[in-house]
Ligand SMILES: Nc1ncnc2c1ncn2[C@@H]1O[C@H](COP(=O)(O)OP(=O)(O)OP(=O)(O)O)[C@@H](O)[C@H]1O
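The chain below stands alone and is given in structure tokens; this is the form predicted on its own.
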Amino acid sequence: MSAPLIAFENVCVEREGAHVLKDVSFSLAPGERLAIVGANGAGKTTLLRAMVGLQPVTAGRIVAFGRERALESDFHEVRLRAAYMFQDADDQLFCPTVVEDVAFGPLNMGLSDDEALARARVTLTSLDLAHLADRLVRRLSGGEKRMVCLAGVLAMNPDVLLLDEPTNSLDAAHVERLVDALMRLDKAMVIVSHDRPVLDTLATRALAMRDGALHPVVLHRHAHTHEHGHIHL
């Protein structure tokens, strides 16, 4: 059995004296698509941020890619191998043009300017976004920004995708394109979302966040003209 890519062991996060995460333990296996569901404010985004060191923890252990991660320097590698798609596209996009923004991650990985731009254009083409390459980011629609965020994540060729409400601002056509793109990937994912149909399609396992703790969720498979899962709380 393969070792987990990321594992939490009794992780706690406190904010203003209250537990946001309380003794959270779970692991993410290679190729697994893990859904995290729960009410607004339950701690789902905090969980994702802790995985890549953007949220300090007050207790417990985080093991990622075979090493315990505790210091800020420990998470530099994690952020390259576990790419985080933010809930708000405007928190993620900051370069003038689309192709520059998508190339930013590969540049940080050490690719040359030409290599990073070439990878960005290939990634945009794979998502049918090549026509946006030279557009100004600030002139994109909300749905276009969301898809460009996905392109920026995929351009890094990460081992793990951390997706925080990935269908925010997307119309039905863009949702279908995003789901199709994710289904084609042989990568582990943690997907935080309220979009139950999307989770039913993508998830191979689900956990529910309640009162800062994770609880098992039954993921049933139903046979229709196509097969997909339903998350039962």
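Sequential numbering from 1, following the sequence displayed. Just so it is clear, the structure is predicted and the values come from calculations on it, not from any experiment.
Just so it is clear, the following notes concern the form predicted together with the ligand, a form of the same protein that is not shown.
- Note on contacts: among L34, A42, L170, V198, the single residue with a heavy atom within 4.5 Å of the ligand in the predicted bound form is A42.
- Judged by heavy atoms within 4.5 Å of the ligand in the predicted bound form, the contact stretch among the candidates 62-70, 23-31, 45-53, 171-179 is 45-53.
- Though the partner is left out of this view, H215 does not reach within 4.5 Å of the ligand in the predicted bound form, counting heavy atoms only.
- In the predicted bound form, at least one heavy atom of Q87 sits within 4.5 Å of a heavy atom of the ligand.
- Shown alone here, R210 lies farther than 4.5 Å from the ligand in the predicted bound form, counting heavy atoms only.
- By the criterion of a heavy atom within 4.5 Å, R184 is excluded from the residues contacting the ligand in the predicted bound form.
- Counting a residue when any of its non-hydrogen atoms is within 4.5 Å of the ligand in the predicted bound form, the hits in 6-30 run R15, E16, V20.
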